[in-house]
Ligand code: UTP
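First comes one chain, alone, set out as structure tokens in the form predicted on its own.
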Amino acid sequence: MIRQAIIPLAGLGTRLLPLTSVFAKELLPMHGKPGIEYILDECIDAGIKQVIFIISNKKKMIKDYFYSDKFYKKIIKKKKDPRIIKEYKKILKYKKMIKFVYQNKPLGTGDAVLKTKKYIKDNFFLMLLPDDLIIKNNCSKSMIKIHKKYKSSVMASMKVDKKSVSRWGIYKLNKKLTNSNYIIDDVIEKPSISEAPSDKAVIGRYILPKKIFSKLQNQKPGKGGEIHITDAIQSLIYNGSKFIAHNFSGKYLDCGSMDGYIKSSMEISKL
């Protein structure tokens, strides 16, 4: 059973400057609510009971957003506005399921995951990257179904234009399990067009095994001096762990750049 999810949120969001010079990118509004709430709703709908946010001191406003009890109580006492009461109840619901851990040095996604080690209870957990929104179909929910069926790790997959493979982590695929699911042989980070083993890209949804922590603990920094989660995944695959690439059926939105954020907001407004 997948009961816990982790969400790395310590990144500074430089692609969304100047907005992120004063505001956490995950709190930027999209059709009336912060982007992070769409991720939380996906988790709740998928049956997740606890979400671990990995933040930094510079992103403390994310925690403040969920701990604004005094502010809401003061406003509600004065106004008794049903809309504000509804928003406060929603925030309280989120707050009950969120735990915060800190990554104050930007040492990579693998290092961020490692910060959660002592809090993960089960053999597998879900990880979601907040820049990647998937709407119209719950990707996490469908991945959890695949995990239950095959008792293995699962990673979201999406077909991309062959000309853009150097922007992505690209799968080398092995056995086809179903029309939407394949055994992963390898993950190649940002290959050239000629080196790309497929046109299937890694998207920010992962069901990972708890044993990945032992890999991360002993892992040497990779590109840019960071600990990359992809390197730990590769190591597990080479050692015989089964990872499945799941071609999800929802619509992918990239919220990590200014252009992507604007387009994502427009797409969500149509729902």
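Every value quoted in this text rests on a predicted model; they were computed, and no experiment measured them. All residue numbers are counted from 1 along the displayed sequence.
The form predicted in complex with the ligand exists for this protein as well; it is not shown, and the discussion that follows is about that form.
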item	value
Within 4.5 Å of the ligand in the predicted complex, all of A10, E26 and L107 (non-hydrogen atom)	yes
Contact residue in the predicted complex, chosen from Q103, S142, S153, S157 - any heavy atom within 4.5 Å of the ligand	Q103
V187, L129, L126, V165 - the one with a heavy atom within 4.5 Å of the ligand in the predicted complex	L129
Residue stretch of 144-152, 76-84, 174-182, 130-138 approaching the ligand in the predicted complex, non-hydrogen atom distance within 4.5 Å	130-138
4.5 Å heavy atom contact, R15 and the ligand in the predicted complex	yes
